[in-house]
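Have a look below at one chain only, the form predicted on its own, in structure tokens format.
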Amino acid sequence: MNKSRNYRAWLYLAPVLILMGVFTFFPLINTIVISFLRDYNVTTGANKGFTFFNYGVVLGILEKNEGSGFTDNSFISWNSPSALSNTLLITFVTVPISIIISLVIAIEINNIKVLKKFFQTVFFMPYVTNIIAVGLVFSVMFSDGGIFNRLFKLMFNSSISISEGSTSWGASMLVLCLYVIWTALPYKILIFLSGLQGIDKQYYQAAKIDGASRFKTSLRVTIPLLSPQILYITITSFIGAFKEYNAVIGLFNRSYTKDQNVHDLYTVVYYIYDKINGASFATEMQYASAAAVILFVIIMIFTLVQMRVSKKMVVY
């Protein structure tokens, strides 16, 4: 009887397992394999065997064409904007700020009694809005004739230039971070609200009897009891920020492969797509694969660190 149930379970799981094997596990393993193949040709499959050369090229240590004296620093360079430095900046700026803002908003929405559903809907609206459409709206607002630049000119007699080919990296990065934070808020608020509604009211009653202020109650009661949701949001936010790509497309309409623009707003995922979609993608797939593996390792390290820290800080 048990064997019959096992067969049925595997039969029901078979379609999902097959799809995951074809579209998840095989591409993952294939990417790792290609990243270690020298001069891999995606069209013919020809290669010169196992090597670490691709990682050296991506990290700017080795020359792509030996003897040329040129190393590609578009993936990593600490002297100028690069894919990895931009991604790290976006991650460590937007993730903490968006978590703090969304937590404060969720707590305030949970405390109000009038129009609570209305505010929940308003703050959730950006989550169901097309991210490219939102990016276009932001690009218009921060364009040379946009509302924000008009306000800046009136107040500070200066403007924020984010146009194609602009050399103002700081201004563009500021707008990009604001855009990423704004689009990240709705989902985080939703998760925090669901966590807040699951907290037993007796904890707040006990804090009120003890004479605790609203701020101290939030600090000592709400946040510790929300720690599982905070951990979940932190991990998923770091993963999402490291994979940032749509924001650059939607907000700035960058096309480095086509226009040969400076790599001012390059991200790691943008670097990977650039190698795949470039004119010489057939011979550069190994570099895209190496960059993807490096990104996977970075995300895995940060996730493991957060999981390790959470054992001492998360209250279940």
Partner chain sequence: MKGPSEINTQLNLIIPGNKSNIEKTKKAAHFWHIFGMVISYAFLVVAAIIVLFPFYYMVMASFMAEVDVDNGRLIPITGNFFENIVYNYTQTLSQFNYGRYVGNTLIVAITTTLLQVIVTILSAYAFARLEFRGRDILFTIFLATMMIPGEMMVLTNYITMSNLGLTGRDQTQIQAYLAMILPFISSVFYIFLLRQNFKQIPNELYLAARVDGKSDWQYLWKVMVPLATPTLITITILSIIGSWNAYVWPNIVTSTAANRENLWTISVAIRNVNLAVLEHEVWVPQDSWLMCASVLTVVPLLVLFIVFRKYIMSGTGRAGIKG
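None of the values given here were measured: they were computed from a predicted structure. So that the term is clear: the rigid core is the largest set of C-alpha atoms that superpose within 1.5 Å between two forms. Numbering follows the first chain given and starts at 1.
Another form, the form predicted in complex with the partner chain, is not on view; read the next lines as being about it.
In the model of the complex, at least one heavy atom of residue 26 sits within 4.5 Å of the partner chain. Residue 30 belongs to the set of residues with a heavy atom inside 4.5 Å of the partner chain in the model of the complex. Although the partner is absent here, residue 75 sits far enough away that none of its heavy atoms falls within 4.5 Å of the partner chain in the model of the complex. By the criterion of a heavy atom within 4.5 Å, residue 266 is excluded from the residues contacting the partner chain in the model of the complex. A heavy atom within 4.5 Å of the partner chain in the model of the complex is found for one listed residue only; from 99, 173, 109, 93, this is 109. Each of 105, 124 and 243 places at least one heavy atom within 4.5 Å of the partner chain in the model of the complex. After superposition on the rigid core, displacement of the C-alpha of residue 297 between the shown form and the other one stays below 2 Å.
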